[in-house]
Each structure stands twice: as structure tokens, then as C-alpha cells.
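What follows is one chain in C-alpha cells, specifically the form predicted alone.
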């Protein structure tokens, strides 16, 4: 693992590192299967309608201490997620449930949430509005069950250490040395434990050093590298390793800060910065990973639309640099900002890729615009904290899908989405997304989302840089690793170790 998991309380987690661990140690009503579709998890079956859903829980579903997982555990979890004191950044994902948004805003008591447990094995959900994608939400970490007695015992420390949580998934977190290593072992009480082939998943080192990870692999100390660094690709190829490409579904972009007092609140300045950016050159010179696509919009090319891919139905022109226009925008921004453009702060991670990206933009802004860019490199957890606090002008950002629908990307531009860390606000964007959420016409729904996306892109709420492809590799004895854009990635719940004629571990 490149980074320490910042948050293993599923009600508060927002990042792919935490979701990887949570996706193996916890389970919701559904799980994402090898085809990227929701499949039965704690729930064995369900009925969905425009008005709500009923989930039937397994009698054999158990927590890692052997106690039954009940519908009340979901009711408690969802109510707690939405309470303002929880400060869950992803609480908005539950807004399709009746009264969820009002509870999140402190206008109603959590007991008014449209979710109930008629009995231990039945969970009833009432919708605020029709929600075509609701089933996809039920595998997200924000919807995992939480046992009230355990949560109350640890309070704010819930999820802070391996012994300060309980587990509903196929593995349990048996060891966690912060910043150094962690280990997940098979959960003996998991309802489908017979299908789990691995005894344990061990992370022997947590480091952003891609060369160190490559050496671990070469020395057979690890069985899988989920992302190879750019500098390691040639070495791996020369040494005969089999590399696999994986388009992980993520869109990477620059998030601008719209808070009062920030220069990036100025539209002409954002236009000047965007006008010197060439996505194709950036992908070729900075990313250099085969299969990487230059950025187009918030919704990536792979996402399905109504009858075809969303990007085929709602096309965007590739961005190209226009240096003459950039200078005009810059002069307008200078006048509007009182005669000078202050130095800008670029917030990024402490990785080699993050440094290359920051230095590329630093040089481009200085050469073409004369703008000074200060680079603020932070470890993953601290970078997330600074983004949430608004301590940046431009933040290097990434978003992966929570569920298989364009809304999961377009909703980034709405006022209620806590992942909109630059606090971009546009009432028309919000109105169009709200209208999309309540319409029953699928084509009209996606048209409204495309219109909202177009407004946000025109105002440069975000500047997409690329759609990520990673190169990864496994030892020959590790089989059935699943890579998919939605859910924990990589997914090792079906993986196994096989004999390789004496060449295995």
C-alpha cells in the first residue's frame, strides 16, 4: 500500500485506500461482483420500486464475534451517518432516503429517517424520490451496518485501531501498525467463509516509494503490486514480468478554491490557467502510462449513458492550449484582482507522480503566464485534511465512482457534496441535478446531468487532466484477483494461491 488508510470508520471514509481495507473487512446489503454488478451480501434478496425497497437479510449473517447482523444495525448506522455531529462527507449518498437531507441539515431528528426494521431480518427503505441507482449504493462503505454497542463503546475512536471496531466482511483486521503495515485474516464467522480461499491478506509495508515496492515484488516478499510507478515499467518489462493494464474508472482533475479571498475564485484567472494546459502533452510527458486518456469532462469515457456510452451521447471537444487567449484572460484577471496576481499554492501528495505533475504546471504557469506556483506536498491523510479545510488554491484531485451512474461524477459540482472541496457554487447546476434526480425519463435525466456538467466545466469548477490507467502485476501463483472501477480495488475476496511446480511461495 502506498498510503496509510486515513479512516476505517466507514461512516467517515472518503478515499480508495480506506475503501480497499473496508471492502475486505466489512460488508453491506450487497457486494460488487466480478462483473461490477451488485450481488447479494448481508441481504440475500430484495424488492425495489419507485417508492422504496425491502431487503431480506440472511439468517446466517454474523459479526466477527459471532453475534447476528440484524436490520437494526443498518438502521442505527444510517441514522448515525446523517446526524450533523458525525460530519460524514459522504452523507449525501443517502439523500434518496426519505428525510435524509433534512436530518443531515439538522432540521429533523434522525428517528424520522425513512428506514425501519420490522424484524431482525427485514430492512424497509422509503425513498424521498425515485432512485434508479439505489441498489448500487448498498455496497458503498457509507451504507455498511454498525453495531450500536460497539460504536458507543469506542465513540470517536471507532475504527482508529484494529481492536476498536468489529467486522461484518470476509476478513477481519488482525494487525495494524500505523504507517508501517497491516494484516487482514479470514473472518471465521463470515456467512460465506467457505468461498474465501485466502487465509490472510498482509501488507508488509506502507510506502509511496514505487521502487521499494518493486524490490519487494522482485524479492518475492509481496504477491501483488496494484500500481507500478512510471520509472519501474521499463525495469519490469526488461526483467520479463507480465504487466497488465487496468483502467480504474477514475477521473483526475484540478480543483480550484472558490472561497472568499482566494485568487482562484476569479473566472478569468481560471480561464488563463486552463488555456495554457494541453491534456495530450500532459499525458505523454508527465503520466506516460500506456492506455491513459486525456481529460475531457467530469464523466469518464467508460460510463454508460442511455443507449450508448455517456460521452458518445453527450460529446465534449478535447481541450487545446490557446496562449494568446491565456494572456487576454490574465490581463482581465489582473485588473479584477487589483493589479497583480498573487503566488498560488498547489496542494498535492508526497508521491513521485505528484511531484512531476506539480512541477509540470509550475513551469507552464511561470513560462506562459508569469505566475508563481508554490508546491505544498503532504502525506495522504494530511492532504485530505487540508483539502477539507480549504488550505489551497489548486488541489490535485481524483474521483472514482461510488456507483455505476454518471450522477456519481456530476454531483461533485453540487453545493451539497462535501467532496466539492473547493466549494464551487452554481444554483443552475444544483437545479439541474435535482431535476435529474426526480425525473423518471432516463434520457431526460442524463440530458440534465450533461447540462449541469457543461456549466461546471465552462465555469472551470474543475479542470480534468486525465482518465487513469494503471499497470499492475502479480506473482504467477496468485490467481483470481479482481480489478473493477466500483468497489474495493484490488478485490481479493475470490483470490487463491495455486501450485506452480515448486516455483511458488
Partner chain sequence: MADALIPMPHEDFAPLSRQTLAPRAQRPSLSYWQDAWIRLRRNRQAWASLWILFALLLFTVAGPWLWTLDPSEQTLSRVSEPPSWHKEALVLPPPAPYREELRSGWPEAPATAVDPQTLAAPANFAFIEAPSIQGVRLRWDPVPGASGYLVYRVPERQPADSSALGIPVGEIQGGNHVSFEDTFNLKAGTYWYSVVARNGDESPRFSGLRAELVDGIPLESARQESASAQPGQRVRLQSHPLGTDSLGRDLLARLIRGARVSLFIGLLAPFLAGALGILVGGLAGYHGGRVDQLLMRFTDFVMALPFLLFMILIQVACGMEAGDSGIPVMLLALVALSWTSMARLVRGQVLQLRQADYVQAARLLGARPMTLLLRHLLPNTLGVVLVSLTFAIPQAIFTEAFLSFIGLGVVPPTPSWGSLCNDGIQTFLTSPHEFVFPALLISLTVLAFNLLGDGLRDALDPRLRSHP
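Positions refer to the first chain, counted from 1. Since the structure is predicted, the reported quantities are computational estimates derived from the model, not experimental observations.
Omitted from view is the form predicted together with the partner chain, to which the following refers.
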Worksheet item: Between the options 430, 336, 231, 313, which residue brings a heavy atom to within 4.5 Å of the partner chain in the predicted bound form?
Response: 231
Fill in: Listed residue that, although the partner chain is not shown, lies within 4.5 Å of it in the predicted bound form (heavy atoms), from 206, 375, 379, 102
375
Discussion item. Let me test this: is every residue among 211, 245 and 356 within 4.5 Å of the partner chain in the predicted bound form, going by heavy atom positions?
Written reply: yes
Worksheet item: With a 4.5 Å heavy atom cut-off, would you call residue 281 a contact of the partner chain in the predicted bound form?
Response: yes
Worksheet item: With the partner left out of view, is residue 106 within 4.5 angstroms of the partner chain in the predicted bound form by any non-hydrogen atom?
Response: no
Worksheet item: Would residue 286 count as a contact of the partner chain in the predicted bound form, using a 4.5 angstroms cut-off between non-hydrogen atoms?
Response: yes
Discussion item. Is residue 268 part of the interface with the partner chain in the predicted bound form - any heavy atom within 4.5 Å?
Written reply: no
Discussion item. The chain here is shown without the partner chain. Which stretch in 170-178, 407-415, 367-375, 140-148 comes within 4.5 angstroms of it in the predicted bound form, by heavy atom distance?
Written reply: 367-375
Worksheet entry | Residues in 394-433 with any heavy atom within 4.5 Å of the partner chain in the predicted bound form | none
